[in-house]
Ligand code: HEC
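Here we start with a single chain on its own, the form predicted alone, put down as structure tokens.
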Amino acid sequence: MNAKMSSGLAVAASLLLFTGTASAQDVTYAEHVAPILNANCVTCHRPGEVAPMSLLTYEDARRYARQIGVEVSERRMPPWHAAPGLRDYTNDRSLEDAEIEVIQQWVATGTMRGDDALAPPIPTFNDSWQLGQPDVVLTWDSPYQIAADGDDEYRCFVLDPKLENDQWVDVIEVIPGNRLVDHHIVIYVDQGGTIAPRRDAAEPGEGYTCFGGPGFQAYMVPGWGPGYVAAETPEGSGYLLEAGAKIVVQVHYHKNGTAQEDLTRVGLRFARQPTQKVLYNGYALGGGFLGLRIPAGEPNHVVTGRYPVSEDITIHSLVAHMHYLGKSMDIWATLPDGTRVDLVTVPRFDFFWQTQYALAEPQHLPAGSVVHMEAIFDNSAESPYQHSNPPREVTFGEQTTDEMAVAVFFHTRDAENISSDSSSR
């Protein structure tokens, strides 16, 4: 039994006891709250991780109990932004209503400790490769230096896997070099292997500045964010890296008041099984990129985009991408007969959690379908992340203070059958 399954059973047992035999006054940290925090929160809320406080012990949790109660009741934590009840996602980390009720009752009745003997053991974590040693491990030459203070920094590092032939990859795993300041990491592939090195060479020091993206049209593959768990590509599919391709690692650094350094690692695992389908990314673009214009002061500016599907495809996961002024995004498809198929709705977008939503049941779309995106932006003075005083018109751009509206969908082509024998092992 793996650790995740074990912790899930512990939570289930705790909730059964609470709802079946315990009153609200009996709720304790040891018996009821600790299993929930261990299963859903301490991956990030522990020493050396990106979250601002640890929740590993009773003393930790009691200190922040009131804040925890507010965050979970408002469903801001754990960070999961897909609307409930629409679809099932394999990486859904939201709490059940019963779990939220347990925490609220614990806070309301005095945050009792309970019998330590009933508490689950403090989890241990593997901060190394989750899916085994990769075939290729990449990093940059020397640790990148991050200043103590200032604006968040976005830096792209260009790495060379030295591929002499096209290569299938079924796992791309990232180990952040400094979880105190590494907010999230996005991985791109420069298939031609020439554009990213030129951008890198044009700027002194390790890597180059890259707000919003790598600065060119690139093949995006999974990266890392707090709570993200690396996974294999769907059966029969993989990332096809062309000979000579370069890996571009975009790191979002969130400065914490102390000078830091970072040396992140990226692992590539060559496909273990025969692979015939490339895992592609498609985009429904709001405003056609350059046509995106968000008027100053507008609290609910709607932007739409669409992507006609020209062949039978299967969608496996999706990402909703906007910048600071993003408020919500809805992504759906219409079939050739006009039937609507919901994919993901993000009613409260948060730029700082760029989540990939993995469909529990991949969605087949026949040729003639259309993937739709509707994004809403808040460019009013009251916008939570408003960066202009007074608000100004915001258009498309790479800077975080510019905007984008992009629905990314990772998919395979149903008819594709590329022989994996053509790639090296």
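The structure displayed is predicted, hence computed values, not measured ones. Numbering starts at 1 and follows the sequence shown.
The same protein has a further form, the form predicted together with this ligand, not shown here; the description that follows concerns it.
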Does this ligand get within 4.5 angstroms of any non-hydrogen atom of residue 56 in the predicted bound form? no
Is residue 319 close to this ligand in the predicted bound form, meaning a heavy atom pair under 4.5 Å apart or at it? no
Quick one: does residue 87 come within 4.5 Å of this ligand in the predicted bound form, counting heavy atoms only? no
If you check in the predicted bound form, is residue 67 within 4.5 Å of this ligand, heavy atoms only? yes
Taking this ligand in the predicted bound form as the reference, which of 370, 30, 44, 358 has a non-hydrogen atom within 4.5 Å? 44
Among 161, 287, 297, 226, which has at least one heavy atom within 4.5 Å of this ligand in the predicted bound form? 226
I need the one stretch from 185 to 193, 209 to 217, 153 to 161, 89 to 97 whose residues put non-hydrogen atoms within 4.5 angstroms of this ligand in the predicted bound form. 89 to 97
Report yes if all three of 173, 248 and 263 come within 4.5 Å of this ligand in the predicted bound form by some heavy atom, otherwise no. no
Check each residue of 60 to 77 against this ligand in the predicted bound form and list those with a heavy atom within 4.5 Å, in sequence order. 67, 68, 71, 72, 77
